[in-house]
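Listed next as structure tokens is one chain, alone, in the form predicted on its own.
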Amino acid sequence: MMDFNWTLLNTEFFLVGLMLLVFLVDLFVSDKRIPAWLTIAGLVVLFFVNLWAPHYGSTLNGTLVHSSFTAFLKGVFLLAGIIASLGAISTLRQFEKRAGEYYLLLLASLLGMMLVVMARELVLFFVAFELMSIPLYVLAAYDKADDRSVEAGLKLFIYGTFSSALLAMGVTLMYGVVGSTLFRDLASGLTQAEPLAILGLVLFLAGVGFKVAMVPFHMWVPDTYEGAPAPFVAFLSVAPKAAGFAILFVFLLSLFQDMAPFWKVTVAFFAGITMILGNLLALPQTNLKRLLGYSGIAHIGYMLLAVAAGTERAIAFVLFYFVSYVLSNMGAFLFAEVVRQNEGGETLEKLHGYAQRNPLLSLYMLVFLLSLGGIPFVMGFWAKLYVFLAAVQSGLVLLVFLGAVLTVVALFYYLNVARQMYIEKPEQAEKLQAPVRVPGSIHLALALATLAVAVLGLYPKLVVSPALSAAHTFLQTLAGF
């Protein structure tokens, strides 16, 4: 008899209800701003529901597991959804008839992310993975009148379906080796002695590597980030990657634990080349969104160091890193959207004189840049420091040294953006008198993100403590396999 504990799925049921409500409101209400604010209000409520929901247990005969780890990640997803929804309100004015569909697709992807981090059965995991991914392909190409957006959606779709095919082949091989789709059976059946198990691991790493933009599976990032609408790119740059890292931890530390010597070396190698290529390719960029895309690849490399470490503290510090990354990176992309709306593009030369034209907006971006660059004492500084410490404790000293050197390299292109805002002057002097208009919803998102980055930089323990607790319970649930 199948057990079903519905209280463990409060968040998911609430999210499905919100999707239905947004759909009905969009269907019958002419003002398309209402679905947007309804989505934001629902996600805010859901964020607090997730905080108070039960944080430990399993349902559907152990195929879905809920713990502080999954609750923490759901909080990250919801935070990203709130910021992305706020940022999209002004952008979606040109798609007024389709605005409700945008939020419905965003909510569907969020539902997939929540289920994929809870799944402990291969078929359920793969279905949730596709539920997370397919709406993203549509959202990337949402601006059908812009060839860049259509190209972005097409590239994301091609690479995304290819990664899904690799992942499907990987999980099929896992099933073929063990004869079961349950993670608890796979954990005891997948060993390094089985060549098919090793091939399944390789295909799995490649499939998830595309999703998290790990080198050499990063090719879709720059063009997709440049062409797709910036509020969506802000969401794409963070939330699916957080889900991807959760998948890595679940699979590598449970199903492939017997192959740890193999995958730790492999992940450490890819962490190194991801850090190097991400930072070096960001240096020559003149488009802000492409620069943030390549810098995001570099950040994935830093976080892969923690995956290679595979310790409790490493897991916790990746969770902390993603909170920092949600606030800083999404804020930077929303700044890029403001620049596009005012200047008609996101090239760095468009930023000339911005500190004089809108000092507060420029201050927001400066805080985000300092956080992404790891400057004390904003949140991003602690994120990098903690990940490096966890990697050192696991013996990855050379990679940490490489990461520290590349952090200095990253400061060059981050501070170059600041230089464009604060030092460079526009060619036309009268441009300094032109106001920079910031939509109210984006201004609210930027202000809240800046405040959070600053406050959590001063008091990182507010996030570190729940992250450590989440990592501890995560390893406890794995011990049950």
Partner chain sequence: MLTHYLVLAFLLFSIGAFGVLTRRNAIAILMAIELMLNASNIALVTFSRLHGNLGGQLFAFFTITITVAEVAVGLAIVVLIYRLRKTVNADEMDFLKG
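Residue numbers count along the first chain shown, from 1. From a predicted model like this one, the values you see are computed outputs, not experimental measurements.
Form predicted together with the partner chain: not shown, discussed below.
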property	result
Option from 134 to 142, 109 to 117, 320 to 328, 243 to 251 whose residues, in the predicted bound form, bring a heavy atom within 4.5 Å of the partner chain	134 to 142
Candidate from D258, D223, E101, E343 lying within 4.5 Å of the partner chain in the predicted bound form - any heavy atom	D223
Residue (of Y294, F183, Y364, Y302) lying close to the partner chain in the predicted bound form, criterion heavy atoms within 4.5 Å	Y294
4.5 angstroms heavy atom contact with the partner chain in the predicted bound form for R93	no
In the predicted bound form, D147 touching the partner chain (heavy atom, 4.5 Å)	yes
Contact of K155 with the partner chain in the predicted bound form (heavy atom, 4.5 Å)	yes
Contact label in the predicted bound form: G176 to the partner chain, heavy atom within 4.5 Å	yes
Partner contacts for 108 to 140, taking the partner chain in the predicted bound form and a 4.5 Å heavy atom cut-off	L122, V123, F126, V127, E130, I134, Y137, V138
